[in-house]
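Single chain ahead, by itself, as structure tokens, in the form predicted on its own.
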């Protein structure tokens, strides 16, 4: 039986994905931009539209990051507006589980699910960032392990709230006593059309994989090759059994880019131009400074990588920061540079690129199908390089070929996001969960 592919659209905004120098690029904050991409995604019968989130403008070397200056609107507000101009497209909001509270967020997500007729999704993210925490009255941040345990209890509590009304639509008294939350009262809304909004998890760490296996309906990940995708998929889906779940309960959807051309050579040339536009000389040095943690402005972007090691506690960038062993990353990048004879800018381009499908529409359709057929993914979250028209070519030229190959839907057969993803409505928690 042919496996069906799932597709979603990521709205590009802050970060250097969007080629802002392209005359076709428009605002990342005006509603018309969100509407254009969402309508295109729905015309292409995509599963959902995905919005990222940022809770504080990043700073680099004491200045607000250039790409953050124009700001990022609040996700759920934008998606609730999009619910009014779309009919079937799922609407996925990134909302932080470290700096919100379960009752309030469960209410906002349930409201979105009711307003959209069952199309809401929550991308659960956490933060260990004290700089971002300064924006909140509670302040501070959580250690890595604590933020995941808080997120797990947060999601479980939200699900209890969503199920707290009886099947007859009567609110029941609710009480939750846990390590992170101690709340009681009555929830303000009946169960929403999907039962629970779809839960998405983004991240690739061991803690993130475990959280996804125990909790998520969809994983938004990032892998640069078929083999890496297969290994990730096998690992995460193997973990499901310990939580009484099956591989069908979790969809793995890496973020990918797509560049099309009339010939393979033309597509490769376009992709190379786009990557150089996305990674200017200044961006290459900034990216390097985020890893090395020191001022590298004296280095030539077209020259070799620094021979010094990264500092132990970098402080140049405040806000979203790179994680992991920076010394190991530096060594990996040096090895890549030596092997291929790459400059700083070329190394950043080579090392930083996400999985991209580059070629003619027919070749791209075939390669995407191969990823799904070989269990490297259940589908893809497309991250276009143009805001907001970056999906137009894909929807017009690749979607029809996927449909001809029988790997993508030709119509929406359900009305909820869960129905698009082939996910069943979660069973209602037993009444004994109530006090």
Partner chain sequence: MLHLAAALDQPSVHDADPYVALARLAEHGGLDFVTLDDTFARPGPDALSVLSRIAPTTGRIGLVPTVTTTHTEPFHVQAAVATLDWVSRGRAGWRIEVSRTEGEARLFGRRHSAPADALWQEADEVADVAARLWDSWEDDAEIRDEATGRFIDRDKLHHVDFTGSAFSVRGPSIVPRPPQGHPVRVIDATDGPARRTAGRHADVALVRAASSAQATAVRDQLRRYAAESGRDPDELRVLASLVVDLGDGEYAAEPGHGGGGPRPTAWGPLYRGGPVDLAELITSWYQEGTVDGFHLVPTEPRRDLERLVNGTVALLQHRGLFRTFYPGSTLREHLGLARPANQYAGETS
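Positions refer to the first chain, counted from 1. Please read all numbers here as calculations on a predicted model, not as lab measurements.
Although not depicted, the form predicted together with the partner chain is the subject of the following passage.
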Based on heavy atom distances of 4.5 Å or less, which listed stretch (406-414, 376-384, 391-399, 27-35) is in contact with the partner chain in the predicted bound form?
27-35
Since exactly one of 247, 261, 73, 255 fits, which has a heavy atom within 4.5 Å of the partner chain in the predicted bound form?
73
Just one of 230, 114, 334, 268 has a heavy atom within 4.5 Å of the partner chain in the predicted bound form. Which one?
114
My question is simply whether residue 108 lines the interface with the partner chain in the predicted bound form - judged by any non-hydrogen atom within 4.5 Å.
yes
Residue-level contact is defined here as any heavy atom of the residue lying within 4.5 Å of the partner chain in the predicted bound form; does residue 367 satisfy this criterion?
no
Taking heavy atoms only, is residue 174 within 4.5 angstroms of the partner chain in the predicted bound form?
yes
Should residue 312 be counted as a contact of the partner chain in the predicted bound form, where contact means heavy atoms within 4.5 Å?
no
For the three residues 59, 138 and 190, which mark the spot I'm curious about, does each lie within 4.5 Å of the partner chain in the predicted bound form through at least one heavy atom?
yes
Select from 67-91 the residues with a non-hydrogen atom within 4.5 Å of the partner chain in the predicted bound form and write them out in sequence order.
67, 68, 69, 70, 71, 72, 73, 74, 77, 78, 80, 81, 83, 84, 85
Do residue 32 and residue 67 have their C-alpha atoms closer or farther apart in the predicted bound form than here, with the shift being 3 angstroms or more?
farther
Between residue 121 and residue 67, does the Cα distance in the predicted bound form come out closer or farther than in this form, changing by 3 Å or more?
farther
